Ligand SMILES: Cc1cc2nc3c(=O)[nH]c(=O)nc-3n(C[C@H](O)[C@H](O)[C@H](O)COP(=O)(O)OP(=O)(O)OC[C@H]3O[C@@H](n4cnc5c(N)ncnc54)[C@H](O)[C@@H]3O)c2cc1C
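Listed next as structure tokens is one chain, alone, in the form predicted alone.
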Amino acid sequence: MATKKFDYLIVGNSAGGIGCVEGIRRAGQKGSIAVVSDEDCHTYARPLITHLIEGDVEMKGMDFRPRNFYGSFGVEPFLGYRAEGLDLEKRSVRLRPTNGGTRHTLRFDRLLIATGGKPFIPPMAGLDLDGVTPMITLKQSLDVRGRLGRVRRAVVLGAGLIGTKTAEALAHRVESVSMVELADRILSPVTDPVSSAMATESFRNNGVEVLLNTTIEEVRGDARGRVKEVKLKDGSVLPCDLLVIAIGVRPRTELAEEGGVALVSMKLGGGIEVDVKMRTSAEGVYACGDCAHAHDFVTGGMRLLPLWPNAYIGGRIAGLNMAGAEHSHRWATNMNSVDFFGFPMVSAGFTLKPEKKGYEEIVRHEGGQYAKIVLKDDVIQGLIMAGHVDRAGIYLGLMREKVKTTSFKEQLLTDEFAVVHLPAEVKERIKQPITEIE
């Protein structure tokens, strides 16, 4: 077993891990860096994996950074290795090869845990059948794409961000797609009933069957061990050649737990406990991305925010702090921008008005377009835009800077509203960059 020592050890090769590398080098530190990933491929843009299925992005377009990234930034990559056995006294982790090879022990001065999330797979019969898969990695996406010539009918379980984008991609490639969702609407964490209904209409207009208030109870296969149909809780049956499980993800915290790093209660979603500098309870150990909590500037508390931009920013902030700079992660909230069959949607912060004193909402719904802004004491706390999203950046800037909108609140959702109508001091505030990620 080979042993090596690094100044910085980063477990995770996605947005958070790459952000950390760039944060360390941004701070001017020349120390040695190792990046570990249980996937044996170059860093890739995970949000694009469904586009790979659809065919509008090819492998060369999946790279998150150029192929010379590791060499340019002085990084030694350990790809295709699972990190385990975190020992905080010895400042080490063990690496187990996922596809055969040499085991390693890596020692470190500072560690970032950016292990991301793992798909939630509900217990049910038939999940081991050929043609049943989650949709969270490049390998899974390539596997689905390779099957498409043999797939006529697909079922997607789950209508969150992963499920809806998967259903959209498959709708362009196979004969029929059914999307099954237990909740009473699709995209329920990031929409309200009106915007969700508009998105649902877009799916149905493009041939996707949307089944709400139900779920799969059993997956059935044929004599060759291939998936052939699913049974729903109401007893109905959907034939299928492909079943994608996309209910959601859970934080991957095993490595942190092995080392005794503090975790958040499962009542709050689990995940690794961090502060605004992305520091964990262990000295010199940081965490970011889908496996860790982050500061939500809207609620003022710490919460899981499993979003690609949040992972990158969190990693960047962690890297800066690991390298001795002083930066805080202050810009996270639940922000999403999606497009389904040419129907765009943006949401951020509260999508439903809290039933508390001081909250109000203003709404505009006409001509196939919908906009809603949630305010508290005239400060924007949330928004939804569907069908037309051109001014979303202005509203997000006002949210971020906690600008009091009292003097122009009545104009917020008018056609004429633009930056030019804001008071001079407000214009300057929302134009300020997020300096930590410059």
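Note that residue numbering follows the sequence shown and begins at 1. For clarity, every value in this text was computed on a predicted model and none was experimentally measured.
Another form, the form predicted in complex with this ligand, is not on view; read the next lines as being about it.
Exercise for the section: Name the stretch: of 186-194, 361-369, 287-295, 121-129, exactly one has residues whose heavy atoms fall within 4.5 Å of this ligand in the predicted complex. Expected result: This holds for exactly one stretch, 287-295.
Handout entry: Contacting member of I33, M399, V36, I373, with respect to this ligand in the predicted complex [4.5 Å, heavy atom]
Key = When this ligand is considered in the predicted complex, the option within 4.5 Å is V36.
Exercise for the section: May I ask you to choose, among V219, M345, V261, I162, the residue with a heavy atom within 4.5 Å of this ligand in the predicted complex? Expected result: The residue in contact is I162.
Handout entry: Contact test in the predicted complex: W308 vs this ligand, heavy atoms, 4.5 Å
Key = Yes, contact at 4.5 Å.
Practice task
Would you please decide whether G349 lies within 4.5 angstroms of this ligand in the predicted complex, comparing each non-hydrogen atom pair?
Solution key: Judged by the heavy-atom cut-off of 4.5 Å, G349 is well away from this ligand in the predicted complex.
Practice task
With heavy atoms only and a cut-off of 4.5 Å, decide whether L304 touches this ligand in the predicted complex.
Solution key: Output for L304 is no: heavy atoms all beyond 4.5 Å of this ligand.
Practice task
Look up in the predicted complex whether A386 has a non-hydrogen atom within 4.5 angstroms of this ligand, and give yes or no.
Solution key: A386 lies outside the contact set for this ligand.
Problem - Sequence-ordered residues of 108-123 touching this ligand in the predicted complex, heavy atom within 4.5 Å - result: The stretch 108-123, when checked against this ligand in the predicted complex, contributes A114, T115, G116, G117 at the 4.5 Å heavy-atom cut-off.
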